[in-house]
Structures are given as C-alpha cells and as structure tokens.
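Heads up, what comes next is one protein chain in two forms, each shown on its own as structure tokens, labelled structure 1 and structure 2.
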Structure 1
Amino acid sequence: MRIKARTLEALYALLLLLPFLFSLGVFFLYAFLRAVYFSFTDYNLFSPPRWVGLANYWALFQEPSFLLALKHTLLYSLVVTSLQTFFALILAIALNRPLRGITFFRTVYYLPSVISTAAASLLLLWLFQRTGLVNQALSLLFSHLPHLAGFALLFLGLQGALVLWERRRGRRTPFLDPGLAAVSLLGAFLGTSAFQAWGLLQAREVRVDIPWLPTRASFLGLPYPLWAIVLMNTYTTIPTFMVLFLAGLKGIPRTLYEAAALDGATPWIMFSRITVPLLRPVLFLVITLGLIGTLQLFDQVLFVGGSGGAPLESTITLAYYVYGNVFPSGATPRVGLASAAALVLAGLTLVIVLLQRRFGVGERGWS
C-alpha cells in the first residue's frame, strides 16, 4: 500500500508531537480533572474519597491561613510584576544603545537569570541574615550619611554653577549634561575628601540589626520575609524580560526616531509616543508571564519558610498552602481542601490575566 505524501507528513508530525501530547494529557489534563473531582470530596490519600459537594470551597473562605495566603499572593504578584516590568524595560532601553562593548554588558546583565531557584534562595538567606550583607550595607550607609549629604550638596552646587556659566556663554546646556556632571562628580569627591581630612565630616557609629526573616512585622501589607523574596525574585527575573524587550526594541524602525528628532521631539515624547505603543505586544507578554509566574510562587517560600526560619504566617502563599495541605508535617493530608485551593488559584490566575488583557495592556500593537 502506498501512503500519500500528506498522510506521511501528518504521521511524522504526530510522532514528533507524541511526547508533548503524552505529558500534556497525563500531567496536565488528567491531573486537572482529578483535582476537580477531589475538590468536591473529603479525601486524605488513605481512605476512599467521600463526596461533600461545595463544602471544601466554603471551608476555604472560613480558614484564616487561606485568606492570609490569598492576600500575600495578590500583593506579591502586584508588586513583583510592576517592578520587574518597569526595570526590565529601562534596562533594555539602556542596553539598546550602540555603545562599545555592549555585548559584554548584555551578557553580564543576563547572568542573574541562569541562577537556579535553590541557589538564589540560599543567597537570599545569606544576604538577609542579621549579620548578613544587607544589614551591614545599611549600617555602612547610615554611618556615612554626612558624607553622602555633603557629596550631594557639593555636586548640585558645582553642577548648577557650571550650567549657569555655560548658559551665560549662550550655550543651551541641560542640567544633567554628561561632561559637566563628570567634572562636578570629581569636584564633589575631592571636596568631600577635603572636608573629611579637616574634620568637618565624620562617620557615625550606626549598627542596623533588622530581623528580615524571623519576624512577622510587615511593610505596606507584606511581611519582611516576603519583601526579601520580592527583591530576590525581581533581581533574577528582570534579565529574562529584558531580553524580550530588547527583541521588541530591535523591531522598531530607527527612521521613526530620526523623523521625531527632526520635528524637535524630546526623549520623553519619543518614549511615550513611539517606544511604548510599538512595544505593546511585548508588554502584554511580559506582564502576562509575570502575573502567572508570581501567582504560582512556591519554591522560594519553601526554602525561606522551611530551612530559613521565617514564620509560616509571614511567607505563606496559595501555592504553598496547597502543598502544605497535601504534604502536612505530622498530620492527615487534606487533599480535597488542597484541590479546591488549587482550583481557586487557577481560576484567580485566569481572571487576573483576562482583566489585565481587558483593562490593562493588550496584545494588539500600534498600527
């Protein structure tokens, strides 16, 4: 029997797709249907499931730990998605300039994204210990506040004087002119060093001892341990999104910027009227990936809340709540409740992404 070319091509395609379809069917579709079934039952892994209807969903919203996990998840997602999108865009614009050695700088800035979650979590634990680098850096900063204030005042004074002098000579010089700023920075450094040598500026003895991890204290609704995870997660995810923004920036025609410059457009006008509208599809992708990733935060919570010593009330998220109910320490698993929480997390992710698509940045580009 002779097989037609199109049939043979379809068989090859199906053969190549088979591993993906198998994993999709077994680990996603089947697991999802089982979770839907278990969410309506009372099941503990050791006895047959017992149908309880919507009791698990009702119990979820009566449980303080679930409501706390929901609050932490929403706030964490909002903060991290905003920070990583903003800084990734700024970094991509900075690295899109035709500078000498720009490839080296792009590689260096991308390196944090290859750090594994376990390594990043261990680094986070080391940085935010009581005697860690963060507290020591804050101690050094507050000790030398007089020097920093003197340096800033000297820089502003010198820069202002140089700019006024240039403008009196008839030159349209901006306040942050790079050449004048370099001279002002050097003058401010020499002036601060001279004031220190004369004893007019002296460092103070300041010791910062903030318990970043073993605490229930919070700031703007988020506990300190979650703020530490926010900083670390933002640092490690910015490079990946920076690459996406760089790809989007490469697709914007340079002629648009040249035409805008001829019309006298400022850098801000070019950014808001050209760059942002043409990056809307990439912005939509970055925000969507950021929302999905942050709503499923789990591994760093496990490291920081488990071996890191942070209280569970300060780090719990929805994904960790699901894990904690399926694999509790010294207690009976509550698989039905965990399945209901997992479905709430999946529904919440879908709703937030749809709301972002409807009222936020859409995937349709400027035309």
Structure 2
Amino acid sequence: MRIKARTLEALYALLLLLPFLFSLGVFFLYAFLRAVYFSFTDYNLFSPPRWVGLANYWALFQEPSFLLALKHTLLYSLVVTSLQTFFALILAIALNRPLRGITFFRTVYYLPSVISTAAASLLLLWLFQRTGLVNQALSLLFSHLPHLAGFALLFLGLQGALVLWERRRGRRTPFLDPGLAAVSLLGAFLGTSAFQAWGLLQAREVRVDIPWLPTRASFLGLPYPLWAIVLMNTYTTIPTFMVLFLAGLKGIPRTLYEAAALDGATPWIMFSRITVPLLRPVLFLVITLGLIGTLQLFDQVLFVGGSGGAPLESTITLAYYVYGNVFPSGATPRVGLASAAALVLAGLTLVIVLLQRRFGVGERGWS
C-alpha cells in the first residue's frame, strides 16, 4: 500500500507539473541544447546544419563587429551596474528612516521603473535630440556656473562663520550642523539673488549642442548613444534596487548603530563598518541582478538605432549581434555564429552568478 501511495503522489506531481514541464522542456531545454549544437555548425535556417566543430568560436573572436559588441556590452554593463548600485544605496540610506509620508515618496521614486523599455526608449530619443531637454539642461547649467560657484562659496563662508561663532561661545557644534546649514542655505540664496540683481553675477551665453545619437564619437571607450542609454537605464533601474536595499537595511539591528554612536563613531565609520558589511548579501544580489540585466541590452539599441538614429557601430551589443546574425537584412543568416555569440553571453552571465554564489551569499558579518 505504501509504495502505491508514493507512486500516486508522484503521478499527481507529474500531472500538476505537466504544463510547466512542456514549457521548460520544449522552449528551454530543447532550445538550449539546440543552441549548443548550432554553435558547432554552419547553419542558415533553411538548408540542414553542417558540423564545423569549434570554427564558429574561432571566427567569432576574429570578427571586429563581435569584438566591438563584446567591448560595448562589458563596458556598458560595468558602468550601469556601478552607477545604479551606488545611487540606489545612497537613496535607500536616505529613505531608511521613520519619516511621515515616506511611503508616498517610495511610490513616486518607483515610478520610472514600471514603464516598458519601448516607452522609455521613446522618451530617451526625445530627451537626447540636439535641441532636447538634456542639451537644454546642460546649457542652463553651464550658463549659470558663476551663480553656482557664488552660491557654493557663500554657503561655505556663511556656514564657517556661523560654526566658528558658535564654537567661540563654547559649544561643540559640528561643521554640518543642520540648523546652521539651513540658515546658511537661505543666506546663500538671498546673497546670490542680490548679486544677480546688482549685476555682479551674470549668466553666460552658452549653448550646449551635443549630437548624442547620430554620431560615432565616443567618450571613455563608450560611444555617445550608449552613454545616453546608460543614463536612461540607470535612471529607470535605481528605484528597483533601492527597494531591495531598503529591505536589506530593515534587517540591520538599530542597536548596532546606537552602540557605535555611544562609542563616538562618525556617520562615515558607521556606514563603512556597519552598513556595508551587513548589507553584503543584498549588495551582491543587486550587483548580480544589475550585471545580468545589463548584459542583455537589446530593446534600446533597436529604438535608438533605426531611421534617423544612431549608427549601428555606435550601439551594437552582444544581444543585438546575435539577433542581427539570425535575421540580417538582405544577407544569409549565420545561425552558427549567432549561437556561439549567444553562448558567450550566457557564459558571462553564469560566471557572474557563480561568483556571486561563491562570495556573496551566506556571509553575514555579525552572525
């Protein structure tokens, strides 16, 4: 009887799993194995595949456009992941306090990450046109540099004076005392406005006219159009990771900070000695998710390229290289080569995940 019950349970499991097994088997396992097989063949979707061994991988690393795509993908991935991790962490720490109405702000911050890559790409295209908002904002910034400099100097001067005055009166006021800083901020604002009114500070005539998209120019090894995608993607992914960090920060006992404060630790010490080590699992998770997500950059490339957009060699990524070789316009598909490139992409991803499992999970500083 017992064995029979076991068999019955397994049969029920099979029944429940059937649709999932169909999906996983046909559209993942079979597909994955076939991709591996294709990568060793010469195949053009129509005539039968012909075995060529490792020739595709060899050819891949000889081909300039693949190497370019690889370079773009790796650089892009590194830049976006560092930027988004850094800013998400800063934001999470700023938000991790019991403030009234914090949920509202979290909701607002989360907004950019719910929209589709298609819609975000259209917004990107508009933002980075020659007379788009990005160039306009940069122009505004550069033409008001004197004001900014004046404002900063005034703020620092006022703050310094106020703190010195307080210390003269025998108080141990830290330099960034929030009350005094608010006074200095107001003073600096009024001062700058006054200078502007008296004509001591004048806006310069600056017009930033960067052609972000239809260009082959590059900066730090990454073409301008990819920088535009970097900015847009960082902006739309920060909120998601911020939420992960917030969940992680909740798990850090407050008593640790209180104890550190009693020992006279500065905020920086608390950040680097408590927050970062205890947040390590989440930090690794965020970095891994960031790297995996950015390695597969495709949609934006298609939108930013296209008619009247960026040239292909300024935007090509690994994922696009794969797609472009399977469905080339007006040429024979090179499926073998594309499969090999896709497996290189998968290999990169798996290496990152394994590194995360090796170093990231299970290391908690306090336990």
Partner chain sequence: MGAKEAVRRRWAALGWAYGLLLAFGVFFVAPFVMGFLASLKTDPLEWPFRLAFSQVSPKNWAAAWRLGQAGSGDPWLGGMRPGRQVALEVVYFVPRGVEPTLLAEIPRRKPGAGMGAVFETPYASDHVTLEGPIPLERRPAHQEEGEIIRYRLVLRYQGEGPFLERVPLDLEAPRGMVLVEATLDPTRFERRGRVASWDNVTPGLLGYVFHNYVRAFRETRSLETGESLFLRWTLNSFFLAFVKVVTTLVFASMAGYALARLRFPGRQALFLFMLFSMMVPGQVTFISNYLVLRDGIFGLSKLFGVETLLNTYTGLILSGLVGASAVFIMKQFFESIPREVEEAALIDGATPLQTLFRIVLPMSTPALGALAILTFQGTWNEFFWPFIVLTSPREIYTLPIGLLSFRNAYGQVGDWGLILAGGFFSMIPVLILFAVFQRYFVEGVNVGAVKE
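We call the rigid core the largest set of C-alpha positions that still match within 1.5 Å between the two forms. Reference numbering: structure 1, starting with residue 1. The shown structure was predicted, so the numbers you read here are calculated from the model rather than taken from an experiment.
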* Structure fact -> Between structures 1 and 2, the form predicted alone is number 1
* Any chance the CA of Ile352 moves 2 angstroms or more between structure 1 and structure 2, core superposed? -> yes
* **Inter-form CA displacement between structure 1 and structure 2 at Phe22 - rigid core frame, Å** => 2.4
* Hey, core superposed, how many Å does Leu11 shift at the CA between structure 1 and structure 2? -> 5.2
